[in-house]
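Next up: just one chain, as structure tokens, the form predicted on its own.
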Amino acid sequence: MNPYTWLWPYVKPYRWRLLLGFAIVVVTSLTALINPYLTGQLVEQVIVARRLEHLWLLISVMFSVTIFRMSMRYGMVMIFESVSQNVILNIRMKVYERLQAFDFPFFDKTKTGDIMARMTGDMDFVRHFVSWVDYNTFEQACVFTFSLVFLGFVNFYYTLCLIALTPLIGFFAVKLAIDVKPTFAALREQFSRVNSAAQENIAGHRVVRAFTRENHETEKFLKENAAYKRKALDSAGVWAKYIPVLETLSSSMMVIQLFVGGLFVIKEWLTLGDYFIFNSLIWALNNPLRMAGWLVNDIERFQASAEKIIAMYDTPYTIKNPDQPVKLDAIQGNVEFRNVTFSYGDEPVLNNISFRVTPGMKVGIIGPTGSGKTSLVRLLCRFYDCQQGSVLIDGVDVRQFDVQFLRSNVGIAMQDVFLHSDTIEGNIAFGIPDVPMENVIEAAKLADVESFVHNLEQGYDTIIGERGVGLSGGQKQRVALARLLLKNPPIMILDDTTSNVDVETERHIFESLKTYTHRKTMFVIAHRVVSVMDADVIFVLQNGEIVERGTHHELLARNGYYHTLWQHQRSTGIHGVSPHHLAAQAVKSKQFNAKGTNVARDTNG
């Protein structure tokens, strides 16, 4: 899309204010001719004709015109600045809303630094165009045109001599615009890389320090920063080639004015008063030509930045709402995967996955790292769409639901816990901001947040840092779990949510959840057998396939991967829990939902 076509809908609501601003530009450009004309009259009538009685009148009028023009210009600048701030506010909000609608695939491919560059530096170039470049371009054109016409009436031939170099200046200005545009695009791209390098280092500063890689990161940033310097110098090189030419040609007008003007006065083809008019207005011809290069620079910067923003904004959605979404009064919690195959690009992740679970079942998912556990439940939330097969909830393909409706009924506590820089209460109530405090406390009790929150000086009002700085890994996981429980969806996903919690605390949490989740469908992803051993059905994933399924005891009897993992963790006493305790837990897990297990088996048993 053309940058100007893209910008117009944002400018259109303020078009009348802009028209007023441009009208003021016309007025101030015209009034710029008055004082030079009066200067000529002062020379002719006061200095040459010695009519001193006109002196104070002419000076008073010139002073009044100056005050009037300054006042008008002040109002004009404020109009354009106000409009630019409103325009950029609307653009930034529109782009931000678009970012909220993008799903995981977009953020998988787009660096945070690139997004930040679009939202900051590129936005500012757009604002600068609306607030300064547009009216300056128009003003320089008006001043040049009005002055040219006015001076043509004063002395046509002298005016022709003064503008003889204008076509040549225009030629070089156009050449500058053509040559400098690619350098600005490359400069903006490299600026994004610098932003990305800085952002990644800041986000991962703990890892950098833990592995004493400060020098490596500094060198990596230096490489990107040096590349930015080279791009900037490439752009400056184009300027260095054209600006001296433009400046020299513009300055040559002063030489022409002095030489030709003096000759015309000597030959009496020009009066002394008219010469002073030309002398007073030479800036009106010279400045626009001199400003041409700078304005071309800013226009090309705007276009390069706008194109970057447009490219990000126009990225197509990968997860789209159906034209006529299926509407259900409530989600019951029946979940079915039917021959599901999924890959990230060319990398296969899940292959022909099939199973069916019913409300009230606890489903354990276990397997080695990279086996596809998290990818499986992400399809349920429709963070991604499968390439083959279908994922159904209550018999409806998830792609037929409105995305917001689907995700409001499927809650997930993610493996990568993210907490906002807010109070603990604010983080727990993130999904339901207006919920009563009693509900927040109830969810916190279920997630065992209460065990540490009262030790904090301000309790639930304690402000935690960005990404949960100030809390331990286990504490952050419990806050994230409380956030999920407060949402109270019919389908719940715990993606390694208790991996940083000791086994005794984990057992206490799951015991507390039994009554709370007895009618909900719950998926628990874990690496520890103790986390899923009481599940109604356990799926063992390897290389994107379900290689084992059944209850804890059924899987132990098969002597497969699950049995090996159980024996290893049992012999080592996971996190200080004795093998005797694990054995006791195994006895408890015999009381599983037999009906639910059979349902889970029947599609791929």
Ligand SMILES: Nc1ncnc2c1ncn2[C@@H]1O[C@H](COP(=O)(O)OP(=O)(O)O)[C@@H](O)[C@H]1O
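One rule holds for the numbers: they count along the sequence shown, beginning at 1. Here the structure is a predicted model, which is why all the values come from computation and not from measurement.
There is another form of this protein, the form predicted together with the ligand, and it is not shown here; the text below is about that form.
By the criterion of a heavy atom within 4.5 Å, S371 is counted among the residues contacting the ligand in the model of the complex. The ligand in the model of the complex comes within 4.5 Å of a heavy atom belonging to Q415. When contacts are judged by a 4.5 Å heavy atom cut-off, Y135 does not count as touching the ligand in the model of the complex. Of the heavy atoms in Y460, none are within 4.5 Å of the ligand in the model of the complex. This chain appears without its partner; in the model of the complex, the one residue of F129, F355, Y384, F144 with a heavy atom within 4.5 Å of the ligand is Y384.
Shown without its partner, this chain lists S375, N334, S192, N155 as candidates; in the model of the complex, only S375 has a non-hydrogen atom within 4.5 angstroms of the ligand. Of the candidate stretches 446-454, 344-352, 145-153, 283-291, only 344-352 contains residues with a heavy atom within 4.5 Å of the ligand in the model of the complex. Annotation for 185-202: no interface residues with the ligand in the model of the complex [heavy atom within 4.5 Å].
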